[in-house]
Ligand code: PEP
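Just the one chain here, laid out as structure tokens, in the form predicted on its own.
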């Protein structure tokens, strides 16, 4: 079975560029999640701590917000910069912020670790050049009606200034469909794999427009090969001053982060060039195994309670042999004996835990 043809690693570039944002690597073996509220608010430090506790690798920290209506909250501006410093000190995480004007770049640079060119600013060449000259990594969001070529052209302005630390962000495009806020174009990921070596992240929040839909779109993006996610998270979304409807809770963010670890383990190439890279790949697979084993143990505990209530024998050796045979077919490198040994140990461990609670 050609598994590689069925998973996202098959669509990844032969040579992928990795972009470092602080200590976080975008485009590597993991799938980092950028999380936090859409806009910096007076309680931002608490919001940042909640996102960090949920597993976010980078914090959203936008003090300037482009809004459709002039009366809408436009961000805290300079008043929010001190909060960015406090949040970075409290969490130890890098921070992403969006400049709306050229002057904002110099204002933000001492306080953040990565600049984001928003969808409304993608065609703003002077802003792109200024962001590039900041020396910080630059995330370039796709414009609301931008083609892939136009999007790559915008990234080209940053690259042309000698800044090669560029990340592309798909956030949904404007189509005839109005059920969602925007139409998430996941097909952009494999298209970009052929046209550029830049890492690609996805913003499911602005695509969905509704918090309940964010997890599904996030998982679809990672399964499709996204190098990271940009997600709006707020401890009390109903009170959020910006985009409240699409902000998920820290608990949901934590679930997405764990799911990303699982998907990344099976979606990233297993081969690596150094011992360290191989170990990182193994760690990813082990994390996925741990999550799956925990799920298996939970299901086993449930079925054992059903067996006890129905008077059915706890052990079914024929079933256990079938399990080992199936694993041997799926994991030929283990061989039949290896698969039997592994699954026997797994079954015994799960049963022992389950019986302790029956």
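Bear in mind that the values here come from a model prediction, so they are computed numbers and not experimental data. Residue numbers count along the first chain shown, from 1.
A second form of this protein, the form predicted together with this ligand, is not displayed here; the remarks below concern that form.
The three marked residues, 116, 119 and 203, each reach this ligand in the predicted bound form, with a heavy atom inside 4.5 Å. Within this chain, residue 307 is remote from the site of this ligand in the predicted bound form, having no heavy atom within 4.5 Å. By the criterion of a heavy atom within 4.5 Å, residue 66 is counted among the residues contacting this ligand in the predicted bound form. At a distance threshold of 4.5 angstroms between non-hydrogen atoms, residue 227 is out of contact with this ligand in the predicted bound form.
In the predicted bound form, none of the heavy atoms of residue 165 sits within 4.5 Å of a heavy atom of this ligand.
Heavy atoms within 4.5 Å of this ligand in the predicted bound form belong, among the stretches 148 to 156, 257 to 265, 218 to 226, 119 to 127, to residues of 119 to 127. Residue 141 is the only member of 130 to 159 with a non-hydrogen atom no more than 4.5 angstroms from this ligand in the predicted bound form.
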